[in-house]
Structure formats: C-alpha cells, structure tokens
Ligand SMILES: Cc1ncc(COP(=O)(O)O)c(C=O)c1O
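Presented as structure tokens, the chain that follows is alone, the form predicted on its own.
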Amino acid sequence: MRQRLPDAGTPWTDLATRMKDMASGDVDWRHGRAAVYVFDPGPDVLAVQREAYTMFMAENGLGPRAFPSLAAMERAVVDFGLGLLNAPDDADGTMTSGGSESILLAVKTARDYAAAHGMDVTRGEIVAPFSAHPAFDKAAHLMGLKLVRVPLGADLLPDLAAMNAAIGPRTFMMVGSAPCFPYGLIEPIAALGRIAQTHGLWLHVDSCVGGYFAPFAAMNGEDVPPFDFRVAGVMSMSADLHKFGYAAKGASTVLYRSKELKDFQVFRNSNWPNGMMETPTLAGTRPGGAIASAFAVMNYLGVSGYREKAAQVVATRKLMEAGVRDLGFEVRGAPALMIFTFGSDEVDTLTVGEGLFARGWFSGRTQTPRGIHMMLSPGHRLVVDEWLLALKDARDEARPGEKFQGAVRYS
C-alpha cells in the first residue's frame, strides 16, 4: 500500500529514533562486517568527512561564481588526482558523483572527440575485456553505442590478441582497468596502450577502485606496473574519491590527458530564457558537501596518511588470502591491492557465501567463476581472525554437491 505524507509534522527526536530502528537490519559495517559498499578509514577520517560535508551541504557546485570556495576546492582535488596519476602539465578533469558518471562522461567525451575528428560514431564501438564494469554497458546503451566484451585469458586478465582482433572500423575506444572490480587484478595497461596507439584509439583506464590507492601502494614498495598517464595511449581515467580516497559519497574524478580533450565533456546551451547554461558533468546541481568532504579528507590524510591506510589494507588482504588458502580455497589470479576473490572446486562457494551472510558478514560474489568477492578497507584489519572463523564454519556447514541456485547480484 502506498504511504501517505503525514498531515502533521513529526518531532525530530521521534524521527531519529524511528530511523535508527529502520537501520537495525543493515549490515554492521562499523565493525568490519561489510566487504563492499562502505570504505571505513577509521573514526577520525569519518569525522572529518562528516563535518566538512555538513559545512557545505547547502552550497551548490553548479554555481562557481556564487561559491568560488567550491570551485577552488574542486580545482585542488582534481590537481591532487592528476599529480598522483602522473598526468602531463596540460591535463585536466572534473569531480563527478561517482564511478558510473565518470565512466559515462569519459565515453561521451571520447565519442564526441572521435566525431569531431571525422569519424562516423553512429553505432560506434567500444572494445573492453569481460572484466570491465557494467557502467560501460550503461553508457553504450544510453548513447546508442555497442560494447564489445572480449573473453579473458586463463589468468583472468585481458586476452591481448583477442582485444586486438575485436577492433573494427567502428571502434573508437578501448578499456582497461586498474584494478578490475571482479578480481582486483591490474590489467596490462601498457600493452593495451600500444594496441590503442597502433589503431589510433582512445584508451580509457577505469581506476575507480585503484586510482587513490595504487599510487600509495607503489610508494610502499608493492609491485604496481604503470597503469596511469605514464602510458602513452591513456587518454582518460576514472578514479573514485568515495572509495579509497575516503571522501563522503558521492565523489569521483574523471581525468583527461589535456584540457582540449576535457572540453569535449562540457555541456553548453544558451537557447533558453536564462542565457548560457554550462555544466561540466551530467548533473546540474552538484552537492557542495561532496566537494568539501573530498578536499578536507585529502588534505587531512596527505601522502603519509594514505600510505599508512594502503599498508594496512594490503597487509590485511595478505593475511586473509593466506587464511582462505589454509581452508582449502583458491585465490583467483594474483591480486595486488585491496580486492581479492576466492572459490573452491570442493564446495560450492556461493553456498559458503550465503553461510557467511547468515552469520552477519556481507560480501560480493562472482558468477564467473563462482566465488566470494572481498573489497577491504582499513577497518577490516581488526576482524581478520573473526572472519576466518566464520568462513570455516560456513564452509563446514555447506554440504558436498549442494549448489546455491539464486541469482548472483552486486546491487
């Protein structure tokens, strides 16, 4: 039955109690029980995130003349990202509401750039590995494009020969991820860049997960191959601030090799009563709180703070990987950062995942191959032993030959 707006207002104290009750069934991410959706950097960073957001929650990034503070903060955040990802001096970018918007904008920009340079992009094609995020499918659907998904190799990395063979006369864009979301693997961006340059294509690197993590892991001595603007063929990148930038949602960045490229992203229209309307992103109104939160957290943590968080997460991943192997599971591929996926041929991993969920642990799943997907943040270092005990119990509870029959869903 449809709910009706109450005739009279409700006191906030009553509403607060009611809303807390509504949240009683939510996953307990504050105690490390969520391995997706929430990125827990610790109470001090959460406080900075929250206070900066509320300080500017009424301001609107749509109006840089009205709110030059937000324009200055966004400029700083974008500059921080460009510097971390080794962009050339002429590079530029914008903040967005999240990874999907960053990816949609990169596709739109690449399409318009190709059209401006004489290509017929009607039913234009994007070549991407099977591991690419569904936001590329969404972008293709919205823009009347075709996404060509290419199978992975046995190592769960893009099959480079197959990627090259998939390029056709309508291809204007290629995609690689650093890391890919399903398996946490850094894909061979340098090799993809060479293919893109050979064919004169736009290469986008989806680093929504790793853009604000991989640079600090590399500083800590982790083996992180070149994946950013150091690779000559990379024209654009997406990197989420509300993941491992630890900013409040929703905040991401889309970055371009040059200001000239970024200009193809901007929407401009003066054919209406109020004169020129210009928006750099898909959104009109842009929450000032998200911009302020990103600015505050990045300045609060600095390089040293981000390096410390990255070290905690990588150490936690290595401990969990060792633990799942001891329990007879196989880690998929060779993860290097904060995501790992594991499974088993002896017991149905999706059934084990349901057992973990029944014990209060929320994680992602993969259907190809069947597995449990873990995206770790600093808070998980406190619950490694507890999680491994729960995993053992869930494994022991799963009956041989039993297979989970439900749909595998991320959302």
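Please read these numbers as outputs of a predicted model, since none were measured by experiment. Residue numbers here begin at 1 and follow the sequence given.
The next section is about a form of this same protein that is not shown, the form predicted together with the named molecule.
Within 4.5 Å of any heavy atom of the named molecule in the predicted bound form lies no heavy atom of V231.
When the named molecule is considered in the predicted bound form, C208 lines it closely, a heavy atom lying within 4.5 Å. Contact annotation for Y113: none of its heavy atoms lies within 4.5 Å of the named molecule in the predicted bound form. Using a 4.5 angstroms limit between non-hydrogen atoms, F329 is distant from the named molecule in the predicted bound form.
Comment: 174-182 is the region of 217-225, 116-124, 174-182, 273-281 lying near the named molecule in the predicted bound form, near meaning a non-hydrogen atom within 4.5 Å.
With the partner omitted from this view, the residue of R257, K309, R317, H133 that lies near the named molecule in the predicted bound form is H133 [heavy atom within 4.5 Å].
In terms of contact with the named molecule in the predicted bound form, the residue from A290, M95, A196, I103 that brings a heavy atom within 4.5 Å is I103. Counting a residue when any of its non-hydrogen atoms is within 4.5 Å of the named molecule in the predicted bound form, the hits in 227-247 run D240, H242, K243.
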